[in-house]
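Presented below, as structure tokens, is a lone chain in the form predicted on its own.
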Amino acid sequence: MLIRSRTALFVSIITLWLGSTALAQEALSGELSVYLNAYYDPANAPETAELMRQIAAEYEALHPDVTIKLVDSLPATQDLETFLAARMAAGQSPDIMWQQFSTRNLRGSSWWVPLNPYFDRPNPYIAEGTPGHEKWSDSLPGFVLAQTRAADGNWYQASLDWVETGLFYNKTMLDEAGIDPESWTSWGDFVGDMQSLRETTGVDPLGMFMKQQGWSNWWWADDIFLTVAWADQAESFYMGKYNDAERPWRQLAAEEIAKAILDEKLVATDARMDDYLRMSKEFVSLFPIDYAGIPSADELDPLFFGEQVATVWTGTWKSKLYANSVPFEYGVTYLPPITAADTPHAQGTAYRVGGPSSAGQYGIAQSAAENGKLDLAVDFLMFLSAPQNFGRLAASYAGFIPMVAGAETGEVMGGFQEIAELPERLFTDPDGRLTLEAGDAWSQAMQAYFLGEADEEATKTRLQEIWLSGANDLCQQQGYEWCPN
């Protein structure tokens, strides 16, 4: 009864707010299936899931002929890409669907509806005078739109929140080993202290994992070390079409990476990659010995809670879980600056790996358009992305930072704010740099290197082959005017 009365009040307010526009939208009808990842996960986030049910009911009250079907999050054992590939092939994907933006952009219009024309339209669910009311895309910051635009120029998702990552550490364990994270001033300091911790305590220093196919949090380090190796060459890689005066340092688009490779400016056999390989191997040496057998990031939590690892690299989405579940005093820190003493091309900084790789990344499946649901899907996505709706979800889940103008920032663990002020990495995760296939091949080549199956020169040669193949494949897919014939 309480939920129903609150819904009625909300509908009365928003109907007055939207006026004739809301009344005109009542012609919408049909059932819409919606997969929202963490924002509808009844098993792991029941309070947020209940709030999402309420928001869906509020929309249904505005549109009596519409039914919103919320799809539960997948079990940890279900691979998302396998799930999606099967359903996309059968035309049975949820109509609105989460997927990592980098992977979604590579799938492009074969799976997803370009949102460009809808981003230019007014969002009637955003209050007049609030960014986004007259033009939907104005509700999202320019840097978010810039980073989530696909190589073909389209936006395939509304990216509504932001994630940051950090090193959660066991304070007692580090104190016993005489380690103060605040004293780290270089990569060498960090590696030396972590090696000393293992010798002193017998505990693995760092909870991380690596897979030969698909995402693993090792990718974050790979992004950083590759950025360190090539940071001073960034301007020579940038293409004018992607430049933004407000972002003189920014992440490379896939097109820019491909062009730099084919122009022989970005070459994996270059001596710069020696430091990339060395730092990567030093980092992986801090992992548990069975790191390749860890199936998911969630499996790192019990290792940290059970004091089997001294630190774990994870993100804001774990803040609430860790606050409620970690049985010891812990803190949040980050990798130290990487200096010229560590590698000649370093810029004296660390790089954050936060960004739009978060829970609030929603696009519309082509099957929704084919089944006559496109107008409904766009309208509900507009409703969901309005600050009074998405802001409530973000505050409830308290794991991601909302990017929607007018939404209040939910509580996140202290320490992430300073990390968010670091420069972004030049390179995104391997699967978003060129093609999905090149991303998996990169992971496999690096794991062979870590296992001693390939030396530095053989690894560099293989990485160069992967870059050339991926750049040519991207050219073939996108047909850039500068591509070789």
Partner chain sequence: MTTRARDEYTHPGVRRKRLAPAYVPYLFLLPALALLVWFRYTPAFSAVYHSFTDWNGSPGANFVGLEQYRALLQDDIFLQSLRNIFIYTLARTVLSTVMALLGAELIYNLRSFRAGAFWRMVFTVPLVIPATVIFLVWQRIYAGRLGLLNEVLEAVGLSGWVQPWIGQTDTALLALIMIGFPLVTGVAFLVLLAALQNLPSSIGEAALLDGCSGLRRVFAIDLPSIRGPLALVVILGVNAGLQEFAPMLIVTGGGGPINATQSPGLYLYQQAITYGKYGYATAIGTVLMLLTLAFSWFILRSRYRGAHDVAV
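Numbering follows the first chain given and starts at 1. The structure displayed is predicted, hence computed values, not measured ones.
Note that the form predicted in complex with its partner chain isn't included here; everything after this is about it.
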The one residue among A61, A420, A458, A448 placing a heavy atom within 4.5 Å of its partner chain in the predicted bound form is A448
Of S236, S183, T82, N324, the only residue with a heavy atom within 4.5 Å of its partner chain in the predicted bound form is T82
Any chance P302, L436 and D440 all have a heavy atom within 4.5 Å of its partner chain in the predicted bound form? yes
TL;DR on 393-401, 210-218, 135-143, 115-123: the one with heavy atoms within 4.5 Å of its partner chain in the predicted bound form is 210-218
- Message: in the predicted bound form, is there a heavy atom of its partner chain that lies within 4.5 Å of any heavy atom of A271, even though the partner is absent here?
- Response: no
Is it the case that A341, even though its partner is missing from this view, gets within 4.5 Å of its partner chain in the predicted bound form, heavy atoms only?
no
Next item on the list: Evaluate A292 for contact with its partner chain in the predicted bound form, applying a 4.5 angstroms cut-off between non-hydrogen atoms, and reply yes or no.
Entry: yes
Contact of N44 with its partner chain in the predicted bound form (heavy atom, 4.5 Å): no
Looking in the predicted bound form, the residues of 89-109 with a heavy atom no more than 4.5 Å from its partner chain, listed in order, are R107
